Structures are given as C-alpha cells and as structure tokens.
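One chain comes next, on its own, written as structure tokens: the form predicted on its own.
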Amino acid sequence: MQKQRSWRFTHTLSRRPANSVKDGLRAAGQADPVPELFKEEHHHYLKALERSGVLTTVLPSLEAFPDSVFVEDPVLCLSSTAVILRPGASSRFGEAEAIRPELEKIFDQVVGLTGPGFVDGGDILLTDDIAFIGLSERTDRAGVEELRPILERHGYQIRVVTTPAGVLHFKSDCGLLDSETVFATKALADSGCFNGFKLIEAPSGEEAAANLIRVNDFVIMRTGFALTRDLLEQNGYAVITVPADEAAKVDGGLSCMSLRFSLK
C-alpha cells in the first residue's frame, strides 16, 4: 500500500481559533492567551503553509471547544485514511466528531478508535515507514495497542517511546526534518529512541523550538529562536519563522495546528 510521504504534502486542514481559546487547557501558572493575538498568529501560520505549496482548507472556529484550533490532536492522516483518535483530555472528546463530516468529504475511509485507551495526535511522529508514539499524560498503552494494527496495515513499524517528564506531547520535543533526519531536544535525543536517524539537537535554551514542521521545501518554526534557525540553515534547510507565543500559552505548537496530507 502506498502511504503519504513523511514531509511531502499537497493539502492541509486547519481550524480558526475560537474566542474561547482563552479557556484552553494548559500547564499550571501559564497566562491566558489573547484571542485577537492568537488569530493574528494563526493567520501568519496559514500563510506559511500556503508558501510551502499546499492547498489549505480552514474550518470555522468552534466556541464550544476551546482547544479545537489544535486539529492534529484528535485526528491522524494516513494516505487515503483518516483515523479519529481519542484525545486524553475529556474536554476534547467532542472535537473528533465535530471534524468527522469534513474528513468524510476528503478521505476515502474514516475510522475511529473506540477506547478505552487514549491517543493524542501530538504524540505521533510519522516518518516514511516508522511511527513513533510517545506515552504521555494524553496517550497510554491501551490507546497505542488499538492504533497499532491500523498503522501496521499502512506499512508502519511502531516505536513506542516514553515522553520525558514534564513534556505534554512527544512532538513538543521533536520534529521531522526529512526522511532520515529528526530535530529533537537533548532529553529526547539522549533516550536513543531515534536510533538509525540523523539527529540535529536543539541548542541549549531553545528547546521550545523543537516543535517544528517540514512541509515540502520548507521547515516552519517558531520565531524567537535565532540559534535554531541558524543551525537549520547551516544544515541546508530553507526556514520560515512564524509567531506562536499565544499557542504556547495553552501548550500548543506548530504541528498541532494543521492536518497535513497528500491526495492523489
């Protein structure tokens, strides 16, 4: 079965941030995001995706679901199949069903996990043939085992990784740069989970830059991390930077604000 390339995409699907995003989930002590600023940052994010050569579809905001801008957490895209996941926060359960009608317009098949386990898309990093799944506060072993046969049918080998303590999602600490290269924090790089891949390590103090995405010919990363940008450019990557400070206030990043996939 032919599956999508790990960093070559034709389409993306995003959802506009709601005013209720100020009530989104976050680590204790973090400030409320400002909805107007979040919307402005999201606009820059969408422009970066467009510059990368994808056709972007943007869904309207969902005020009933403060975290619904983070569309990647409840859905995993696999070639012609969309998998509706089970996010590990109860306040997000309704997001999956809200997006299902849109997925059914796009994908040949839409399947769903039924539980009792949980899987967040932010804990899944797909390469060309390996699916890294991080165990975290939002993803457990029962969820991984339900997802496993779906991934294996699509030709993926599974690597289950324990996400470092204090990190919400596996992809908070890593991002794919190309089919053979991963960008990761030192904590994740030192775990050995990426054996067989070339690793580029996030500079000390810029660990928050690790949640980046490769979309066709560009690496899209968060502004404010000059050492990381220089490092990526020195390694031959074309970089686009976008602001994401408001998303970070609710534990969000660049990967979780879009579903990226290829259509024939």
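Remember, predicted model here, so these are calculated numbers, not experimental data. Throughout, we count residues from 1 along the sequence that is shown.
Not on display, but discussed next: the form predicted together with a small molecule.
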4.5 Å heavy atom contact, R92 to the small molecule in the model of the complex: yes
With a 4.5 Å heavy atom cut-off, would you call G252 a contact of the small molecule in the model of the complex? yes
If you check in the model of the complex, is G122 within 4.5 Å of the small molecule, heavy atoms only? yes
Interface membership of L168, the small molecule in the model of the complex, 4.5 Å heavy atom rule: yes
Tell me which of 192-200, 49-57, 217-225, 65-73 has residues with heavy atoms within 4.5 angstroms of the small molecule in the model of the complex? 65-73
Could you tell me which one of A18, V242, L13, C256 places a heavy atom within 4.5 Å of the small molecule in the model of the complex? C256
